[in-house]
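Quick setup: one chain, the form predicted alone, written in structure tokens, and binding and motion questions come after.
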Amino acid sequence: MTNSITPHKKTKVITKKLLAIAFWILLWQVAYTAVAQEILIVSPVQVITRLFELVRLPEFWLSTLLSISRIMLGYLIAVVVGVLLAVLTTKISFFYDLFYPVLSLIKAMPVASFIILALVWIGRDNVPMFISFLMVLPIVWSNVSAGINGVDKGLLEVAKVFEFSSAKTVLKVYVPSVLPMFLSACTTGLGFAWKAGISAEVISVPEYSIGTQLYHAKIYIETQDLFAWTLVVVLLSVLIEKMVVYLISKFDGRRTS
């Protein structure tokens, strides 16, 4: 199958994106010039300069790697538990009645409430992982449950007629039907996990984390650091999402090939 996107179209798309970024950077510079108070807003050049200073420090890499590991661990646990819980609740109505109120409560409660409660229950270093887990779990559960419930009954009848084993029915019928919903949950949940995890770090203040650096920048009114670490959060969010989407597309491509 040939690629429908020509090099000219790709260049046009990239140019549009770069122009949009340039517009917002220019607007940022205008706001900095208009306010003229570095305690409130700093220039893009100052932020980039400070970011290059930070990346030379061992604390920068330690904080960044620990934040990523905590948040991604909570995310991965939520994906596994969410899938298992979806299978359990769709096949046994008792478990659906048992877990549905709890999962609905998790979806409805503000993130800040869970963070404060988690600080009472567990150590501060584990709060970001726990919060990431809680934010992703209902998303994976609801998507996978919808996928299982939406499996074509006709395909299940065909599998029964041809006497498929349980394992073969899962692989040939359930997995292809549920996979698009599962992959959607993975990409959506990733954004929730990252934002909630960083918020949890800002409140729980683990010893080394991006959220702790943001908290210290706010307390000591280090506006350059505040903007620089915020830029790190944004860049990492985009990078991790791109990596996950790439891995998912590779996996989906191999499955359909």
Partner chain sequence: GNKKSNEDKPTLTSPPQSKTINIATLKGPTGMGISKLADNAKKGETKNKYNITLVSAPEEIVSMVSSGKVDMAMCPINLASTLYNKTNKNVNLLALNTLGVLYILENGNTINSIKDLKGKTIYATGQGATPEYILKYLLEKNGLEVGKDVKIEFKSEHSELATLAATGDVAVCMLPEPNVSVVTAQNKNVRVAIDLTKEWEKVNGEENSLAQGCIIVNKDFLKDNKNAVKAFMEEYENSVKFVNNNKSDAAKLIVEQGILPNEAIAEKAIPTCNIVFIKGEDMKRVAKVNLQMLFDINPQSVGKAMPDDEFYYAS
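Positions refer to the first chain, counted from 1. Treat the numbers as computed from the prediction; the structure is a model and nothing was measured.
Another form exists, predicted together with its partner chain; not displayed. Remarks below refer to it.
Residue-level question: is Ile116 within 4.5 Å of its partner chain in the model of the complex, judged on heavy atoms?
Heavy-atom contact with its partner chain at 4.5 Å: present for Ile116.
Using heavy atoms and a 4.5 Å limit, would one call Trp61 a contact residue for its partner chain in the model of the complex?
Output for Trp61 is no: heavy atoms all beyond 4.5 Å of its partner chain.
Should Gln46 be classed as touching its partner chain in the model of the complex when contacts are defined as heavy atoms within 4.5 Å?
Heavy-atom contact with its partner chain at 4.5 Å: absent for Gln46.
Indicate whether its partner chain has at least one heavy atom within 4.5 Å of a heavy atom of Gln29 in the model of the complex.
No, no contact at 4.5 Å.
Taking its partner chain as it sits in the model of the complex, which residues of 36-51 have a non-hydrogen atom within 4.5 Å of it? Please list them.
Result: Gln37, Ile39, Leu40.
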